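Shown next as structure tokens: one chain only, the form predicted alone.
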């Protein structure tokens, strides 16, 4: 028979002591001891009964165990025997959690830098700190799309480009396409977004890791070096191999060489929102075109359902990713913030963010024009619009016989002054005046009362949006 220690037996039969119900009384005080309430006494008695007289479930074939350790060991063996072995085709469960290459979401919730950035940007409370921390993780630091900002950046790039394009198109309907591309790049280009990141006060880490603060920009820095390919005088970004990938991503160009002549119409159809060639690595899950491959041959990968695709070979750790520059990572971060804001707070918050941080920057559009033959363009414009042919007239002059003469020349169409400018000679004044007349034509803007953006009409069914008004659509620029 198994022996039982008397001290253990006595402690099991006695009710457990609750120090909160017993108050130690001083021998010289007149206070009485606090007694437990009746309800608490009944609950305490029930607890003792349940914990003291529990029945252990045993099978019929099991024998009386000599000790608790033996019983636990045999019970574990029975569980292992009853568990069916997985088949060879079944997937094995993961051995452990996925490794982290960036700070976890628990550290993000306690980051002072992240909370300060959230308040500095006046972000709504619907955008959590954990999502803002994910926007700071570049794909070069963590290639997994569930942990980096690549999905947010793709959505944010489209949103920023859409709001910028509708603002420029509705406010300046006569802008030439080349100026429109340049203005859009000036607003939401990589250089501008990188400067916005610096203005926000977001610092960049020297090397990514789980030990750094979640409020820092995580990226794998590119080692500085010579951008000229060895043995050639061409830059790396101008190599044709980089541009071939644009055809695989659906660019559709027959010749994606860097020195191939591209017109304005083809830039609108085939190139990106800035009129540049599509290049760079595809994002995770990108649909690759089957028309051309890296070596120019057709890509054939037939699947069971009849579709053709290329099996992705994506990196799974930062050691397999390519390093990036601080400028590219900063642009990806700002775009990711816009995309995350759209998903969490809606379109209205995204448009407010675009107005406060993008459109608030001053941009002088008149400095982006570069006319090659302004007098010829002005003559064709007047002929197309039915105006009288332009005539240059001298308005005033000073110092004709001196070393620094100044001639003020105006260009007239009938009695209407189209533009005027000053030059060191009569010919220079005439050319400058023609260029000023073209700029005044292309920079025409309707009144603010008549401007209604397409995004302003969203929510019109719920009574929140504006009433749509047809906007001005110009016939196009003068092509020479």
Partner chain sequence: MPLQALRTVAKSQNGVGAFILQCKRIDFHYCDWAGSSRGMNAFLKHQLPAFAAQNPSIEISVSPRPGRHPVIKGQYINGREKAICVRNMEATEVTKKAELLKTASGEKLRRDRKPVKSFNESVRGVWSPFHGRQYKI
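All of these numbers come straight from a predicted model, not from anything done at the bench. Numbering follows the first chain given and starts at 1.
Just so you know, the form predicted together with the partner chain exists too; it's not on screen, but the next bit is about it.
Contact with the partner chain, judged by heavy atoms within 4.5 Å in the model of the complex, is confined among 379 to 387, 161 to 169, 119 to 127, 336 to 344 to 119 to 127. Within 4.5 Å of any heavy atom of the partner chain in the model of the complex lies no heavy atom of residue 441. When the partner chain is considered in the model of the complex, residue 408 lines it closely, a heavy atom lying within 4.5 Å. Taking non-hydrogen atoms only, residue 274 approaches the partner chain to within 4.5 angstroms in the model of the complex. The closest non-hydrogen atom of residue 178 lies within 4.5 Å of the partner chain in the model of the complex. Checking 157, 192, 324, 321 against the partner chain in the model of the complex, a heavy atom within 4.5 Å turns up for just one residue: 192. Of the residues 147, 270, 185, 101, just one reaches the partner chain in the model of the complex with a heavy atom at 4.5 Å or closer; this is 185.
Annotated contacts: 198, 360 and 396 all touch the partner chain in the model of the complex [non-hydrogen atom within 4.5 angstroms].
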